[in-house]
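The chain that follows stands alone, in the form predicted on its own, written as structure tokens.
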Amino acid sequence: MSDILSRIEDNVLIITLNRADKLNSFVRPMAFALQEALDEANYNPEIRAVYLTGEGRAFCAGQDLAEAISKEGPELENIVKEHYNPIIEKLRNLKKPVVCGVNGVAAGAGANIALACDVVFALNKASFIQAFSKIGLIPDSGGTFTLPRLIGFQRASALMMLGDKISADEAQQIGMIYKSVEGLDEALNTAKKLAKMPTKGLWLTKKALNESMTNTLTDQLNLEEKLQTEAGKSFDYNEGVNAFLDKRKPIFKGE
């Protein structure tokens, strides 16, 4: 059985991490399979949003440590370089919105993969933990970049060094995730809603947010000018304006 399950529903690519017996911890084939699914999402015009979740009682426990210490397995350097770095790059550069439905514990790289998504829901029984310090490692998968920008330097530093477990409710309160929920239907429905919206405009918004992480204000204003001009040339912009003037519901094509 595949470690990654994927199917298209209502223009949403639903990706499910599928090593439930191992808390969906990553091994090399699984990491490559997720990368392939994200590539498919980027280039398949039928797909206009992605929904990422996990099977069983965990979202993802991070790296399968049995593989990491195996003499036959990849070196730690290659695990970071070839498994997780590409996953984070692909999530952030995917030209479609990515909704994450965290169905259980998200630990280590699993937590940081979730936080790299555009809109994150979590079951209220789920939790997040930066587990790296417990085994003498540093947070990877973009964690040291993303988490301080979500919740501030002090909180991020403490969570990464102490390895405290954060409930979904607390994660929402401190701005780590979008919403803590009783069921993940809302998360999937949000992905389906986004799939009907102006896909190109959403991508340009995502691009602007990505670059805002390191731009100066002047750089960002110039970027907004450039991206707004590009958005204004899209089919969906014209459709949105005409629908507003005609007092009808717009039908976006994602173009």
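For every residue, the number given is its place in the sequence shown, counted from 1. Predicted, not measured: the structure shown is a model, and the values here were computed from it.
We do not show the form predicted together with a small molecule, though everything after this point is about it.
Engineer: Going by a heavy atom distance of 4.5 Å, is residue 116 a contact of the small molecule in the predicted bound form?
Structural biologist: Although the small molecule is absent here, residue 116 would stay clear of it in the predicted bound form, with no heavy atoms inside 4.5 Å.
Engineer: Would you please decide whether residue 226 lies within 4.5 angstroms of the small molecule in the predicted bound form, comparing each non-hydrogen atom pair?
Structural biologist: Residue 226: no contact with the small molecule in the predicted bound form.
Engineer: So in the predicted bound form, does residue 197 come within 4.5 Å of the small molecule, heavy atom to heavy atom?
Structural biologist: Residue 197: no, not in contact with the small molecule in the predicted bound form.
Engineer: Contact between residue 61 and the small molecule in the predicted bound form at 4.5 Å, heavy atoms?
Structural biologist: Although the small molecule is absent here, residue 61 would touch it in the predicted bound form, with heavy atoms inside 4.5 Å.
Engineer: By the heavy atom within 4.5 Å rule, which residue out of 68, 204, 37, 47 makes contact with the small molecule in the predicted bound form?
Structural biologist: Among 68, 204, 37, 47, a heavy atom within 4.5 Å of the small molecule in the predicted bound form occurs only for 68.
Engineer: Have a look at 160, 123, 137, 150 for me and say which one sits with a heavy atom within 4.5 Å of the small molecule in the predicted bound form.
Structural biologist: The option sitting close enough to the partner is 137.
Engineer: Out of the stretches listed (152-160, 86-94, 171-179, 123-131), which one is close to the small molecule in the predicted bound form, meaning heavy atoms within 4.5 Å?
Structural biologist: Among the listed stretches, the partner-contacting one is 123-131.
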